[in-house]
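First, one chain by itself: the form predicted on its own, in structure tokens.
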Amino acid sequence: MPEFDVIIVGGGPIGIACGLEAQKKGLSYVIIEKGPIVNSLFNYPINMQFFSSSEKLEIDGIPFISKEAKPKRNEALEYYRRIVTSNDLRIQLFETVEKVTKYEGLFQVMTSKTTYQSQNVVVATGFYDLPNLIQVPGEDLPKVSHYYKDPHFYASQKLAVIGASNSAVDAALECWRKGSEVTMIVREPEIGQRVKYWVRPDIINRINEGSIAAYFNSNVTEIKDTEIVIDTPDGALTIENDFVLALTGYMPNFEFLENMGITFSDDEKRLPTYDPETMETNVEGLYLAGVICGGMETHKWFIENSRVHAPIIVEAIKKKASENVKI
């Protein structure tokens, strides 16, 4: 059974940062990623542009050069891929962690391919894999997606976009510009304040001029094969519809964390228990890194403010190992 000083679950930017730090500090490690390198970023929309500037997406002080101040998805993929390959990071791709258990001070990490063993585990899995479902009849129809990739697919179609976050606004604008008839259904009274500042005026203007229809303070109550039903302040409304993009956000895999023994706050935020000084959870030797630390507050942690988790965690592991040797 392969054994390491630390096993890192998740090969996104923060998982990669943890691997780099472990490698620099002489720890044996392996990064386990269920998809390609930076799987979540790979699944972002084709034309997505980051809110953060390139220097704020840098890890380990490695320069990130982009054509514009705010890089696009393809540039980020190139940057993180080159870091992995040029530093010869040990990363197992397309391998899913299925279970993590602890026995006599050692973690057993069972994956779709093998089992690993380690005294320390870092969970850096993000939250992009589980969408927040809207829980209405018809949500499971083939025409409904919780992920948006390419506007070309929706050209000349009647498209409903549910939500008003960055992803929803980007999808609505891009698809409208490719010839979709776009309708936005927004639970709030306005477009979200966290929408990228250079994009928000664009969507507001398109709505005001009537190019994109929008129903505020509204919810989809049913999705049918060729229609959707909307509950609006003026009553129920049924409109023709070909496709639905339910871009209502995502959440961490709480079940996966709970099965490892991690506890959470009792409120709707579901904040995981960890020491901010070390990032160690209530389970000794089990650490959290990146956006997963925010529970349901998925807007709290980003690459730019959680990349510091890597040196914090590795330093904590090294310190604990040193103290054990002294004892």
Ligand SMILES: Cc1cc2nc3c(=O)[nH]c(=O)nc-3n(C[C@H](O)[C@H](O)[C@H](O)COP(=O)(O)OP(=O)(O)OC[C@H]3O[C@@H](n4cnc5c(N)ncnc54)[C@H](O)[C@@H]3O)c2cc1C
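Quick note: we count residues from 1 along the sequence shown, nothing fancier. Everything numeric here is computed off the predicted structure, so don't read it as measured data.
If you look for the form predicted together with the named molecule, you will not find it shown, but the lines that follow are about it.
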Only one of 261 to 269, 274 to 282, 48 to 56, 22 to 30 gets a heavy atom within 4.5 Å of the named molecule in the predicted complex; which is it?
48 to 56
Assert contact residue (the named molecule, in the predicted complex, non-hydrogen atom within 4.5 Å, options 129, 242, 231, 202) equals 129
The one option of 212, 223, 186, 97 with any heavy atom within 4.5 Å of the named molecule in the predicted complex is 97
At 4.5 Å between heavy atoms, is residue 314 in contact with the named molecule in the predicted complex?
no
Find out whether any non-hydrogen atom of residue 41 is located within 4.5 angstroms of the named molecule in the predicted complex, and reply yes or no.
yes
Distance check, residue 9 to the named molecule in the predicted complex, heavy atom within 4.5 Å
yes
Looking in the predicted complex, any heavy atom of residue 291 within 4.5 Å of the named molecule?
yes
Going by the named molecule in the predicted complex, which residues of 109 to 124 come within 4.5 Å of it through any heavy atom?
124
